[in-house]
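A single chain comes next, written as structure tokens; it is the form predicted on its own.
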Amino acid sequence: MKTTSLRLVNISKLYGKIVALQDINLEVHRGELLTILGPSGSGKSTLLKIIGGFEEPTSGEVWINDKLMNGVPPYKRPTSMVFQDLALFPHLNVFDNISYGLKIRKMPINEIKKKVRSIAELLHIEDILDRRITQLSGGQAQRVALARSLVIEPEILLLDEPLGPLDLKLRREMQLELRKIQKNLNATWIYVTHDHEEAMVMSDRIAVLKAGRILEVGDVKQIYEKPKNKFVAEFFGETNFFECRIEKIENGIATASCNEIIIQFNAFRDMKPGDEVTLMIRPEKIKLLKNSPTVNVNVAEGYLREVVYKGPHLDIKIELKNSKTMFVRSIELPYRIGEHVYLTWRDEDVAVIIE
């Protein structure tokens, strides 16, 4: 049974008349990496600061290990935070930056040296402990900031877009490195980002935030392939939506009319014929065919209008006979611009958008 490290109950935050957060309810399990994902201005950093005690909620409760944290200052909470700008002390060397929290806690110097050496080895920075902060590369500075937070062994580590300043190659390397460290430590991390690809690489679960509200929480596969919210579906990249009317339901399979296209999908228990539904199919779930399939459900036909080369895959735009556009993602394309093609997909690859 999963145990809860963090529980947020009806958290709201107002700045005057501006609502930064509204009715946030969230549980984070011990040992998981949960990412708070959302666009700029959605309230991600504010929520992280409330968890860490750097901001107080206007209303609601923060519970860590079943203890109420409202009013408890940051240094008395079992949390540590890696800020977006890292906030390293430029006048101290790497060792002194990492050991700062331990010295504040008045730990014996021999134990401080042992702990700093151990965390430095974990993060592969044991050879730069004497360097000044100004002598570090971007990746080294990220590791020092992480080491400073981890060395005090927090119950929950909070990370506010710590990889944002890095170039793409280094950022991807650090994503994998951080995920490996988190798993090895079996630690509870809450990670903030606006990058959906970063969230997918690193997370056990993702909470999508928009305009101060959590729209959806789920594991990576669920929230990408079967989102319940249209904004969430679109935030994870190009996709295909259909406005449909359910015609029949048999053996748990719904058949819906979507203009000229008939789509079958796994029905929800409370669905019934006549219901209006929004359906979604991800581009990579669609297959292109030259010849017409033998079935007339989960099939569309149209003309290939545009191909964008993305390296490992191609993004393909198809104009259907009813002038609707569909997007397909494929690793190869044996067809030419302007060719007539058919598109097909499986029942289980259709998601039902509820909100």
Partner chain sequence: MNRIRFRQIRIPLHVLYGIPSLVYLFIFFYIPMIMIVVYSFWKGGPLYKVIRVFTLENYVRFFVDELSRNVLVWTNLLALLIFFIVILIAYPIAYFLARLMKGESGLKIILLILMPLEMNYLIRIFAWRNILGENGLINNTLMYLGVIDQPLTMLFHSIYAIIIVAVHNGLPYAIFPLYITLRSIPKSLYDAAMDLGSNRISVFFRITLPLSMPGIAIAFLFIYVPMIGEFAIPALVGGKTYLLGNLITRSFLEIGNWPFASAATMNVLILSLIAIFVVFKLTGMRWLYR
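In this text, all values refer to a predicted model and were calculated from it rather than measured experimentally. Positions refer to the first chain, counted from 1.
The same protein has a further form, the form predicted in complex with its partner chain, not shown here; the description that follows concerns it.
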Open item on the list: Quick one: 259, 327 and 335 and its partner chain in the predicted complex, is every residue within 4.5 Å by at least one heavy atom?
Closed with: no
TODO: Pick the stretch from 268-276, 235-243, 210-218, 147-155 whose residues have a heavy atom within 4.5 Å of its partner chain in the predicted complex.
DONE: 147-155
- [ ] May I ask you to state whether residue 113 is within 4.5 Å of its partner chain in the predicted complex, using heavy atom distances?
- [x] no
Task: 4.5 angstroms heavy atom contact with its partner chain in the predicted complex for residue 63 - done: no
Open item on the list: Is residue 85 near its partner chain? Define near as a heavy atom within 4.5 Å, in the predicted complex.
Closed with: yes
TODO: Give a yes/no on whether residue 134 approaches its partner chain to within 4.5 Å in the predicted complex, heavy atoms considered.
DONE: yes
Open item on the list: Considering non-hydrogen atoms and a 4.5 Å limit, which listed residue (185, 170, 253, 104) is close to its partner chain in the predicted complex?
Closed with: 104
Task: Listed residue (281, 119, 263, 81) with a non-hydrogen atom within 4.5 angstroms of its partner chain in the predicted complex - done: 81
TODO: Let me know which residues along 231-269 have a heavy atom within 4.5 Å of its partner chain in the predicted complex, or say none if there are none.
DONE: none
